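Shown below, as structure tokens, is a lone chain in the form predicted on its own; questions about how it binds or moves come after it.
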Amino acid sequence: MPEATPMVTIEDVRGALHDVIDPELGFNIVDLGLLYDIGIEGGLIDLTMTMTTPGCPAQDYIVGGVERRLAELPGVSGVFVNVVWSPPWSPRRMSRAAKAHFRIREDGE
């Protein structure tokens, strides 16, 4: 009997994306608050995210890192990354850990 292909979960995706580091900020994209939505259908991952600023020079690097890291997950057959600018990113989206690292007040200011 053939082995079943493992089903990837949102938790698997979020966990893997902690490995993708914004090269300018030196912190992972999950804690920076760059992820907006994760959709999974079968082995296809549809990810909506943003950058800290429009025209971010690291955009291609980050998107490539997302695609490569998620393609390594068992059961993933495709990755689609949609970069959006609305709503705009703000430090308020950062995790407590990221805010503490960057010395940003909890209210994001």
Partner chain sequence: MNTTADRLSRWTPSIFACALVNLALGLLLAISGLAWPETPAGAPATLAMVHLLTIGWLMLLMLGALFQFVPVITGRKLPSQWFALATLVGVELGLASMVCGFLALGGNALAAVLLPIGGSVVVIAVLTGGAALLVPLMRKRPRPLSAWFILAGLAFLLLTVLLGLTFAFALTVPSAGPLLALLLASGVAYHVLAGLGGWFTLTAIGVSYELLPMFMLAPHERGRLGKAVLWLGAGGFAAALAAGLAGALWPLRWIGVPEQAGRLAIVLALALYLVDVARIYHDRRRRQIELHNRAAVGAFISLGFTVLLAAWAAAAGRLAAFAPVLVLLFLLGWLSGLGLTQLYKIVAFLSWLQRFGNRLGRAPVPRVQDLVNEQRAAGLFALYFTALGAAAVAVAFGQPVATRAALAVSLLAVLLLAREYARAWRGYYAVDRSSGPSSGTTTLSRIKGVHP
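Just so it is clear, the model here is predicted, and its values are computed rather than measured. Numbering follows the first chain given and starts at 1.
This next part talks about the form predicted in complex with the partner chain, which is not shown.
Trainee: Tell me, yes or no, whether residue 37 is in contact with the partner chain in the model of the complex, where a contact means a heavy atom of each within 4.5 Å.
Mentor: Flag for residue 37 set to no.
Trainee: Hey, in the model of the complex, is residue 82 touching the partner chain, heavy atoms inside 4.5 Å?
Mentor: No.
Trainee: Within a 4.5 Å heavy atom cut-off, is residue 97 in contact with the partner chain in the model of the complex?
Mentor: Residue-level check for residue 97: yes, a contact with the partner chain.
Trainee: Tell me, yes or no, whether residue 62 is in contact with the partner chain in the model of the complex, where a contact means a heavy atom of each within 4.5 Å.
Mentor: Close contact exists here: in the model of the complex, residue 62 approaches the partner chain to within 4.5 Å, heavy atoms only.
Trainee: Along 88-102, which positions have a non-hydrogen atom within 4.5 Å of the partner chain in the model of the complex?
Mentor: Contacting residues: 89, 91, 94, 97, 102.
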